[in-house]
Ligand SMILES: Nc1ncnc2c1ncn2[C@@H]1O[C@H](COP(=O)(O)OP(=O)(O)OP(=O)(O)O)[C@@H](O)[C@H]1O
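Shown below, as structure tokens, is a lone chain in the form predicted alone; questions about how it binds or moves come after it.
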């Protein structure tokens, strides 16, 4: 018997008001499987972030349904951790207090909260920086703090919107490795947004390619190469080539294609 999906997205569309209105997503059908690392890929403006925010309960669909573990998704949930490109740390709070913010809002015991925060800081390599302030950290370290904050609530699903897009290439490569290490420890479900083909293939179990606006599911690619993976492996390069061929089939135009 096949397990029910974590998310079941059926016929979902999203329209932003305006003159004229903007159809961001159109008739999206998608299942997200338990424990998988799913990557949403596509050119800028194709609705990747909109779809992620719908899964997070931060927006509502204008048509269709989204079910989370069999029940209609009613809004944000403690089971859904979200990481954005900008970690949005409060500058007046220490790193530890930023990481523990969600736990404070739940009003748990102070000693329990502190133990959880220290454990997550250690997991992301920031154990020695809990008393620092965000301005004292590098961009990569601030992003690690954002991931630690999302993990501190022990979510069942991690939703990540281009979390490494604002850091330099070497830092990005290291953060990708670190994220995969974290994922391998508990295999919680991850939905990850990117417009970087190499990143998508290196990280994902499955890559869902969206078309330019309005976003539709154009193709899905299963990435079956064994883990741990190494960049430059023939299998990964072959999958990248397939995705680039699909992008050409999209006929997205020179501007959108250059952005991918």
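These numbers were taken from a predicted model, which means no experiment stands behind them. Numbering follows the first chain given and starts at 1.
Quick note: we don't show the form predicted together with this ligand, though the next part is all about it.
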Here the chain appears without its partner; judged in the predicted bound form, the stretch of 222-230, 63-71, 22-30, 201-209 with heavy atoms within 4.5 Å of this ligand is 22-30
Consider residue 57 of the chain shown here, and say whether it contacts this ligand in the predicted bound form, taking contact as heavy atoms within 4.5 Å.
-> no
In the predicted bound form, residue 39 touching this ligand (heavy atom, 4.5 Å):
no
Exercise. Please run the contact check for residue 79 against this ligand in the predicted bound form: heavy atoms, 4.5 angstroms, yes or no?
Key: no
- Task: Classify residue 244 as contacting or not contacting this ligand in the predicted bound form by the rule of any non-hydrogen atom within 4.5 angstroms, answering yes or no.
- Result: no
| task | Please state whether all three residues 16, 44 and 213 have a non-hydrogen atom within 4.5 angstroms of this ligand in the predicted bound form. | result | yes
Looking in the predicted bound form, the residues of 46-81 with a heavy atom no more than 4.5 Å from this ligand, listed in order, are 46, 47, 48, 49, 50
